[in-house]
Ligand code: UDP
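The chain below stands alone and is given in structure tokens; this is the form predicted on its own.
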């Protein structure tokens, strides 16, 4: 039976990965300091054979008793709200946290997968973004603490692979949504859905012409699973190449929730907000045989229902999803 360590496993994406590993018959040790992760994401696994939770900051050295076959390093803040609130922690988990996780993998002879981000491309001058694009990042901007932490971590992972023989993989995750996102996450999906369900104005930053591509979480987990079992060591994009403007997305949320919320426009939330974001998934198709399967409407309906249930009684509108 394979045994994995998942850092950040109490987070949105991490907890879904833990579910997949457990469903595949793996034993899983989750390490999370709960700065943004939530124990409720793992509550259904507590007490199950083969599952263990350790509350620990991976920026501090750690070890795991017994064999480890795989280390999945997902620990990090991941939204503008979080990395603006925790800038030093964000930089530290990308640097110290990544090296500690790599050291564990080397010590145990385990494979290693690092969850990077499309933010390494910054506000891109190339569209769509392929893995050989080096990006357009402001290293001293507000978003730089996250962008540069991930860029440094990628460099560190490749150095461990090239010079220490670590068996590593890097996934660059594009905008992902689904159940277990926090209501106060600050990203587009929870913002729009919660505003629509509450009957509040749906706030679009700028004129709404900036684009994003949204991938459902189950598609991402399938891509991570396939990459983890491949022999590919360079960074690889996992995301949905179906691009939409933020205004189109707001209109879709309004329609799917049946909300009467008006759409209003505000100044940009953070500087250096990317004007375009869309993955080139050619490598994922060729190397992994992967592409997204869940349509945006199908995934959003599931996500809307999740948020509807989580909102306090009487807080959501009565319009059916």
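Residue numbers count along the first chain shown, from 1. Quick caveat, the model's predicted, so the values are computed rather than measured.
The form predicted together with the ligand exists for this protein as well; it is not shown, and the discussion that follows is about that form.
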If we define contact as a non-hydrogen atom of the residue within 4.5 angstroms of the partner, is residue 155 a contact of the ligand in the predicted complex? no
Though only this chain appears here, would residue 191 touch the ligand in the predicted complex if you measure heavy atom gaps against 4.5 Å? yes
Under a 4.5 Å heavy atom criterion, is residue 187 part of the interface with the ligand in the predicted complex? yes
Just checking whether residue 221 would be counted as a contact of the ligand in the predicted complex - the rule being heavy atoms within 4.5 angstroms. no
Going by heavy atom distances of 4.5 angstroms or less, which of 251, 95, 175, 103 would be at the interface with the ligand in the predicted complex? 175
State the residue from 142, 246, 91, 137 whose non-hydrogen atoms include one within 4.5 Å of the ligand in the predicted complex. 246
Exactly one listed stretch (104 to 112, 198 to 206, 156 to 164, 234 to 242) reaches within 4.5 angstroms of the ligand in the predicted complex by non-hydrogen atoms, and it is 198 to 206
When the ligand is placed as it is in the predicted complex, are 80, 212 and 277 each within 4.5 Å of it, taking any non-hydrogen atom of the residue? yes
Of 115 to 133, which residues get within 4.5 Å of the ligand in the predicted complex if you count heavy atoms? 119
